[in-house]
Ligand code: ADP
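Encoded as C-alpha cells, the following chain is the form predicted alone, with no partner shown.
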C-alpha cells in the first residue's frame, strides 16, 4: 500500500537554535491512527507543522499522495484543505467573535457559496456536539468546548487528514477522554488521524502505530506494544512505559504469565489472566447481552422505559451525538469512554448492557464485539434496538422479561 504521507531525510533548524529535525524518514498510511511520541523538544510539533506546509524543511522532501509538496499559494491552499491542523492551544486558532463565524472562516476562504457554508458549519458543529452554540463568544467557552470549536473549524473544510498537536493538553480528564473518543469517531469515518503527545498511556491505548522521537530523530516506529516494550528506547526518549504494559512485561519476566502479544486494555489483560488460571479460555458460561441503540432509530421515551424495566444493568454512551441525546433525554450513562470493552467485561460475568451510539460507530461496535467473540470463544450477543411496535427492540430481537 502506498503511503498517504511520506518524508525523506527532513531537516530543520530554527533561527539561533538547535536542529529541530535531523534526517526524518517516515510513512503514514491512509486511514491509520498514528501517535508521534516524545518528550518536550523532541521535534514532534515541528514535524506536524510541515505536513500542511506551515513550516518548510531546510532540506529533504515531503510527499502527499505520492506527490512532493509545493509551496506556492495555490498548492498550499489545496494542501491545507486536505490536511487539517488543530493546535494544542485552541485560543491560537479561534479568531472570530462567535462560534459560527469561526467555523465558517475556512469554508468562506475556500470560496464556497453561502448555502454550502451554512451546511458545512451546521454539519461540523453537529459532529462535535455544539449545536446551539452558534452565537456564543468563544471566550465564554470551557477549554474542552474551545477544542471542539477548533476541530469543527477544520472539519468544515472536509479534510482527508486530521493532525492534532497535543490534543489533550490543558484539558481535565473527562474532557480529554471526550476529545480522544471524538478522534476515534473521526478515524472510524475513514479519515487519517495523527497526534503528537508525550502521554504514553494515551498513545498506547489509542494508536495503531507509534513513532518515537527524541532530539529531532526517529528512534523507533511500530505497533504500540512493540515500541513501548523496549525499555532501552524509552530510556533514551526519557519516557516511562504504559502502566498496563509494564505490569504485563514484569509478570512475563517472572514466569507468571506467558509472553504473547501485549494487551492494550484491561479486557485483554483479564482474558490472559483467566487463560493462565484455567489453562484455556473459559467458554460455555452464560454471558450477558449487549443491546445496541442507534439514536437515529429510537425515541427517548421508549428507550428510558427499556432501561427502567431492568433489562440492562449498565448503560454506555459512545460519541458526541449519543452523549447529547442521552443528556437531552435524561438518560445517565454509567460509561462514557472505553464503552465497548467495559460492556464486554460485564457480559462475561453475565450482566446485560446497553450501548447508545450513532453513525459509523454502530458498525464499529458490532465489529469489535464480533472480533472479540471469535478470538475468545465467548459468544456475546449484540441486539440492535430500533423503532417498532411499542418497544425499542421490535426490529432488533428479543427483550428480556
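Treat the numbers as computed from the prediction; the structure is a model and nothing was measured. Residue numbers count along the first chain shown, from 1.
There is another form of this protein, the form predicted in complex with ligand ADP, and it is not shown here; the text below is about that form.
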Contact test in the predicted complex: residue 358 vs ligand ADP, heavy atoms, 4.5 Å: no
Contact of residue 46 with ligand ADP in the predicted complex (heavy atom, 4.5 Å): yes
Heavy atom of residue 385 within 4.5 Å of ligand ADP in the predicted complex: no
Residue 60 within 4.5 Å of ligand ADP in the predicted complex, heavy atoms: no
One stretch from 349-357, 22-30, 330-338, 35-43 that, in the predicted complex, holds residues within 4.5 Å of ligand ADP by heavy atom: 35-43
